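Given as structure tokens, the chain that follows is alone and in the form predicted on its own.
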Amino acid sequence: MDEIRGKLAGRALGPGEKLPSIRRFAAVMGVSPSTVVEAYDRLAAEGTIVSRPGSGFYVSRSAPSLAIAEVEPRRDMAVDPLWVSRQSLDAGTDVLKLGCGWLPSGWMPNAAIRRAARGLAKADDVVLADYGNTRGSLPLRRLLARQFAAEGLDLRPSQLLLTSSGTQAIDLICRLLLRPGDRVLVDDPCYFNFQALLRVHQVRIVGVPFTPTGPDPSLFSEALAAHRPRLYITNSALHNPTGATLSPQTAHRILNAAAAHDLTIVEDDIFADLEPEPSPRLAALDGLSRVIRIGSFSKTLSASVRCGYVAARSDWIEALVDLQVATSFGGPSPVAAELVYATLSDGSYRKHLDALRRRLSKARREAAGKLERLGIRPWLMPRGGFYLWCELPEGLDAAELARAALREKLVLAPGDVFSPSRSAGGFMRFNVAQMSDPRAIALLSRAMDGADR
């Protein structure tokens, strides 16, 4: 394959030209004919060459150029809720992602995932080839139900719906409960993709100021009375971006206000496993009456093996099942669900979480110290997780700093992408796990010097 690609790159072979016969090429390369057959088959599968039965193999007339440069992240985009996602996902491996929302790949339980992947070789054919059932893997739903019961949330496996991701879970809920023009309450600041997704559904976003113990209860009640929102979407545990934890007092006031105004709450619990001890959960306190819990495994297991879930009232689950069938013809692939189940069931996963929480605790302390030496101060010190919500030195605009950082091959997360009111221009969210790279602080300091003030 390398030999053929080299001839294409050097223009010794051009579009439409015939390749050497299998026997002739095998003799030239000093390999068996079966090796050449496999190489030609792989090149044909990727579209580089084509097979003409009875004639041989030819260079494809539409073969992709081998000299196409890798596309760089766009620097001219508006700094909005999609900005950090686009910059982080499209950045090359040489770019530091201090603003991204995931852990470094080396911090994940890759050995357990590899064991699970090897186990899939022995899986039934239906797992490898068929669609899954409409609710997703029953063993995985049973495992999740047992875990939730330990947290005080009792539910049947039938009240769980597996989805292809946490984002898809929220999208399905929005499709079910919202119509264009409805109002939806979010924290200010909140996870930026909440805003991006809600705008796709053409709803009006209402922000409520967020405090170190949760949304401001008085302003929350005022917003319910003034705007009559259909939904409130939040993180209770290790809030994104602030890292704050919901207090029991605030949780009860939020639930009482929701009951008084017939508000449905979507609790995104994606960071739950990163807490040292469980904090109050709206879904557990409410018993899934008007709270819908969603989550996924991308933060602690793998962002590549996509699988999420929805826990809700039975009637909502039934409606969500139909929506998922209509839009995706089912939930996550059985292969993905099997990988997740096998990894969660592995005795090493609990040890991985314990070690990860300790590692993150150290990383938060070290990152906070490094940032404070640059005049960047954390809003609070979270109990867990990998985010620090920080105030920048006076006069430094987060969006300008983020643009300057791109020139240093550094992706940052400026405050206003998290703020519906765009009132966080002096804040930045940092991923402490990504800051373990020894280049991080030096590049950040250079970007601060280069930012317009």
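One rule holds for the numbers: they count along the sequence shown, beginning at 1. What you are looking at is a predicted structure, and each value in this text was computed from that prediction instead of being measured. We call the rigid core the largest set of C-alpha positions that still match within 1.5 Å between the two forms.
One more form of this protein, predicted in complex with another copy of the chain, exists but is not displayed; see below.
Taking non-hydrogen atoms only, Pro157 approaches another copy of the chain to within 4.5 angstroms in the model of the complex. Though the partner is left out of this view, Arg135 does reach within 4.5 Å of another copy of the chain in the model of the complex, counting heavy atoms only.
Taking non-hydrogen atoms only, Arg42 approaches another copy of the chain to within 4.5 angstroms in the model of the complex. Using a 4.5 Å cutoff between non-hydrogen atoms, Ser32 does not count as a contact of another copy of the chain in the model of the complex.
Relative to another copy of the chain in the model of the complex, residues His201, Lys299 and Arg306 are all within 4.5 Å by at least one heavy atom.
Of the candidate stretches 377 to 385, 244 to 252, 285 to 293, 321 to 329, only 321 to 329 contains residues with a heavy atom within 4.5 Å of another copy of the chain in the model of the complex. Proximity to another copy of the chain in the model of the complex, defined as a heavy atom within 4.5 Å, holds among Thr213, Ser221, Ser361, Ser85 only for Ser85.
Listed residues Arg365, Arg373, Arg228, Arg350 were compared with another copy of the chain in the model of the complex; Arg350 is the one with a heavy atom within 4.5 Å.
Taking another copy of the chain as positioned in the model of the complex, the residues of 121 to 135 that bring a heavy atom within 4.5 Å of it are, in sequence order, Ala121, Lys122, Ala123, Asp124, Asp125, Val126, Val127, Leu128, Ala129, Asp130, Tyr131, Gly132, Asn133, Thr134, Arg135. Core-superposed comparison between this form and the one not shown: the CA of Ala440 stays below a 2 Å shift.
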